[in-house]
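As a starting point, one isolated chain is supplied in structure tokens, in the form predicted alone.
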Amino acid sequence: MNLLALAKAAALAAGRLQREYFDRPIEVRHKGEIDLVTEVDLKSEALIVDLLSASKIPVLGEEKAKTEPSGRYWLVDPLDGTTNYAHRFPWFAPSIALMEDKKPVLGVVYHVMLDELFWAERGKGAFLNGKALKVSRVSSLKDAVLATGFPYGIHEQPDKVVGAFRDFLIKAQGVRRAGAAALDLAYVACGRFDGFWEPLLKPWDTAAGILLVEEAGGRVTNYLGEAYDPFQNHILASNGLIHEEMVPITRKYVP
């Protein structure tokens, strides 16, 4: 079975469903104070799980699909950017990764409203709609456009989150905060962003995206510059050229 083709098909199917519901009234519930889940998250995960079941590989998803994160398994965020979706802000994506223990070996991220399908396989490169991706060549933080996100628990540690944002805002050319980590990482991979950092993400937020960045020639670590896996709670990704300028900032704000 072609697992990459299966993951692509699942992401595209979820994207079609998300477009179909985008302008409709939908049910929105709170999982936390500002952490939302919509009926479309649940429908998307059910659809993805159903399609991936053909592989006979278990699925660990954000909403209901549960398995142990060991061996070979799918790691799925059916709709990364739920708050955006609930407010009709068109920046969201299904994200699907095939994992071997804590290491992604295949990843797909679908930018639904732009119809951009990103994918990567370990050792085989990263692609956007069939075109090979390379990270940017920006070599100085002062010339870099960065991306970040604010965690749902920002109320608990606002000083660290805002502190990192302040420091990068002063040193970089620009900082963007659009609200979907999977797309931020995909945009680092294709050179639209030069770097990305964020604390307190979940494994399904980053698994596919970090493979995209690495296969496009970028670098992914934790805030301390150490090896990263999706089960850690702070991530730093870049084109590699500005990474050593970013680490001294992020290491001050480890959550």
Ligand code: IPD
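Quantities reported herein were computed from a predicted structural model and do not represent experimental measurements. Throughout, we count residues from 1 along the sequence that is shown.
The protein also exists as the form predicted together with this ligand; that form is not presented, and the subsequent description refers to it.
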query: Segment that reaches this ligand in the predicted bound form - one of 164-172, 118-126, 135-143, 178-186, heavy atoms within 4.5 Å; finding: 178-186
query: Val220, Cys190, Val59, Leu201 - the one with a heavy atom within 4.5 Å of this ligand in the predicted bound form; finding: Leu201
query: Partner contact for Pro104 in the predicted bound form: this ligand, 4.5 angstroms, heavy atom; finding: no
query: 4.5 Å heavy atom contact, Tyr73 to this ligand in the predicted bound form; finding: no
query: Exercise: Phe89 in contact with this ligand in the predicted bound form, heavy atom 4.5 Å; finding: no
query: Interface membership of Pro94, this ligand in the predicted bound form, 4.5 Å heavy atom rule; finding: no
query: In the predicted bound form: members of 100-135 within 4.5 Å of this ligand, any heavy atom; finding: none
